[in-house]
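Below sits a lone chain in structure tokens, taken as the form predicted on its own.
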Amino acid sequence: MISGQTLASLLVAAIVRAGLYTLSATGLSLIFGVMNVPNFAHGELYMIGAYIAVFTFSGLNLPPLVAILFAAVGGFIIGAAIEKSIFYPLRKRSERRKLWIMNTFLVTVGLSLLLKNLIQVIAGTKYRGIDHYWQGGLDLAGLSISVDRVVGVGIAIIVVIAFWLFLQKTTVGKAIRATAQDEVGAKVVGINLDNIHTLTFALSAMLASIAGASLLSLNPAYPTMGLMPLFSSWFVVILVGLGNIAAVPVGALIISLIETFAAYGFGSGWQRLFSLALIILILLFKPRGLFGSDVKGIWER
């Protein structure tokens, strides 16, 4: 029987984890929905955000929010550079669009390996973390919660809401949504698809980098740290439906609750097994995800 305090502690841990998953999975879902790119280098963009934050916060002694902002800007710039240098020329040379998903999958796997080795050359292989961004903790109903966790969840909520408003209310956001729904129609009405693709990849990288930077005190930076966030992001994206950005927070909470309680009940080594079992069931019985897929043409291929 789980005590009330233990249950509260587990729920807090699940909410913190869900905030991380929401940021990372939103970026992954965005790029799949708009560009049909299964980005298996997404975890390395998370890693880049963590490294930028640790060097700006610990190395340059900048304030925490400034360090996280640097990570966001750095992720955005790196994402735009990757799209322009890799995916833009690949898109221009792809004569058979049906092979696009497989080609981009292979490219992102190679990019993942490249970024891991590049970080090892630049920063080495040792763990680089921080004790905390902000000192102290909060006492909620007898449960002590570190300020870092509270702020991390707050940043995730603010960023996701701001991103949703950007997609829904701005002209550029509506252009991104139009491109996700119908590229040909978007092109007919004058939307520059190349610019939208670059912006989409940059925004996706920015969200992943913010996630890596925000929870740096809980997850130190090291070259292979992106693997687990990548798996978790894919779990969320598959659970809710490929490209379904609106349902990502719900999926992130479901996955985080499963993993948190599985780790408590069976040990940390079992949490991924329970998530993977759920994803297998989803693929078998509801392959479009719990809330349906918004990715154009993917299931017909």
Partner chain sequence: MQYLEKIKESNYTNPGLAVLIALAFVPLFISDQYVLQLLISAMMFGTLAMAFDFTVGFINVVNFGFAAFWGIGGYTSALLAVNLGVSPWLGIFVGMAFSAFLGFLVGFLTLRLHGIFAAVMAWFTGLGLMSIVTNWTGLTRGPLGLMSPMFFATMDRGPYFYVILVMAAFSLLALLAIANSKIGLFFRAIGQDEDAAKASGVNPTWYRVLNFTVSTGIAGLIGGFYAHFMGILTPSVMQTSQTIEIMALAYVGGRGSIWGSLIAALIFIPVLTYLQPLMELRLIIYGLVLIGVMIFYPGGISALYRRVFQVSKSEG
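Residue numbers count along the first chain shown, from 1. All figures in this text were calculated on a predicted structure; none of them were measured in a lab.
Below, we turn to the form predicted in complex with its partner chain, even though it does not appear here.
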* Asked: Taking heavy atoms and a 4.5 Å cut-off, does Phe70 contact its partner chain in the predicted complex?
  -> no
* Going by a heavy atom distance of 4.5 Å, is Gly59 a contact of its partner chain in the predicted complex? -> no
* Distance check, Pro38 to its partner chain in the predicted complex, heavy atom within 4.5 Å -> yes
* Ile191: touches its partner chain in the predicted complex, heavy atom cutoff 4.5 angstroms -> no
* Choose from 47 to 55, 60 to 68, 270 to 278, 246 to 254 the stretch whose residues reach within 4.5 Å of its partner chain in the predicted complex, heavy atoms counted. => 270 to 278
* Of Ala186, Val107, Val160, Leu167, which residue is found within 4.5 angstroms of its partner chain in the predicted complex when only non-hydrogen atoms are counted? -> Val107
* **Residue among Ala202, Ile130, Val151, Ile101 with a heavy atom within 4.5 Å of its partner chain in the predicted complex** => Ile101
* Would its partner chain be touched by all three of Tyr21, Ala81 and Thr260 in the predicted complex, meaning a heavy atom each within 4.5 Å? -> no
* Heavy atom contacts to its partner chain in the predicted complex at 4.5 Å, residues of 223 to 260 in sequence order -> Leu230, Phe231, Trp234, Phe235, Ile238, Leu242
